[in-house]
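Okay, here we've got a single chain as structure tokens, the form predicted alone, with questions on binding and movement later.
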Amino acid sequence: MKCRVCGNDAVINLKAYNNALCARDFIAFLENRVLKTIQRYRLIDKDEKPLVAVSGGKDSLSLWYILNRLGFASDGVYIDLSIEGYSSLSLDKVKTMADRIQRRVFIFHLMETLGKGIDKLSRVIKRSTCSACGMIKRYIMNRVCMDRGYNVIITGHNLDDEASALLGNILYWKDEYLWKKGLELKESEGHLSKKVKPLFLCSEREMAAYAILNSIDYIRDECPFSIDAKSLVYKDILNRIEESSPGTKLQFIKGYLKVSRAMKTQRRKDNLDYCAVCGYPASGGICSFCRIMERFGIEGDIRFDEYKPEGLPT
């Protein structure tokens, strides 16, 4: 199998594009796809200050690496959920990348703030672990942005993540969530930062190949609490379809992007209330995170550690 660009030996066969590429041309292909996605959908403006949510996995670490290679100077935020045998290893991978690209990363330790890891906390507040995790991550990412002067949150959601979530929402007709699955969620002045997904059109397989070819050290294991997640079932279904009909996932997502524009213009404006404590969107006067803080009798500002590579200017 030869590279379609230069004729050298190919390292990856991209069936969705009917294309095979060598290492150098594949890296250029994927980085260009990310750049074109950012430019076409205007995800990051020149005057914006982006912050990447990094987990230690291949997608977020590769994205952080790519953005800084493309000239989008980005720091990171890592949320330590105190998952035994997983969180500390993930943080090590994040610090390794921070050293490599010479960018700082803000770290929130759930255990230090609430005295419990995500598994015990979810039982106390009577939420599933994944639900509690999502709520905390959304809050903390936004809080770091608002407190530290960033205005764009960048996440590493890839094509497979978005296609599986979209399939789940369609199967159960969760139309209230469908409009939120696009490349961008707009900001709300003084309350919410903009959220964008530059890997929206990049597959999980492509991101894994990119990470390996660039010697990006990432955590291979899945989160232990995601083992029974329905999203993995949906991913498996889509992968089977993709195997017999290459390009299906990409067309599924591209089709969604077209119809989602109409959905966004037609939906009524949400009448959001805001938390009386922190200003985050809430219902009932106080947001979910502040309710938890109140329940545990914790007062004062949330603390973030800052990891700064040696030699990085203040």
Partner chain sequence: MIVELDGKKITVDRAPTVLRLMEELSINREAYLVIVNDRLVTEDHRLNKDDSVKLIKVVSGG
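Worth saying up front: this structure is predicted, and the values here are computed from it rather than measured. Positions refer to the first chain, counted from 1.
In what follows, reference is made to the form predicted in complex with the partner chain, a form of this protein that is not presented.
(message) When the contact criterion is heavy atoms within 4.5 Å, does residue 231 count as touching the partner chain in the predicted complex?
(response) The answer is yes: residue 231 has a heavy atom within 4.5 Å of the partner chain.
(message) Please tell me whether any heavy atom belonging to residue 292 falls inside 4.5 Å of a heavy atom of the partner chain, as the geometry stands in the predicted complex.
(response) The answer is no: residue 292 has no heavy atom within 4.5 Å of the partner chain.
(message) Against the partner chain in the predicted complex, would residue 222 count as a contact residue? Criterion: heavy atoms within 4.5 Å.
(response) Residue 222 belongs to the contact set for the partner chain.
(request) Please check if residue 82 has a heavy atom lying within 4.5 Å of any heavy atom of the partner chain in the predicted complex. (result) It does not: once the partner chain is placed as it appears in the predicted complex, residue 82 has no heavy atom within 4.5 Å of it.
(request) Could you check which residue among 105, 132, 97, 209 gets a heavy atom within 4.5 Å of the partner chain in the predicted complex? (result) Spelling it out, the residue with a heavy atom inside the cut-off is 209.
(request) Have a look at 200, 150, 218, 72 for me and say which one sits with a heavy atom within 4.5 Å of the partner chain in the predicted complex. (result) The residue from 200, 150, 218, 72 that makes the contact is 218.
(message) Counting only non-hydrogen atoms and a 4.5 Å threshold, tell me whether 1, 13 and 226 all contact the partner chain in the predicted complex.
(response) All three within 4.5 Å in the predicted complex.
(message) Given a 4.5 Å cut-off on heavy atoms, tell me which of 114 to 122, 72 to 80, 239 to 247, 139 to 147 is the interface stretch with the partner chain in the predicted complex.
(response) Residues of 239 to 247 come within 4.5 Å of the partner.
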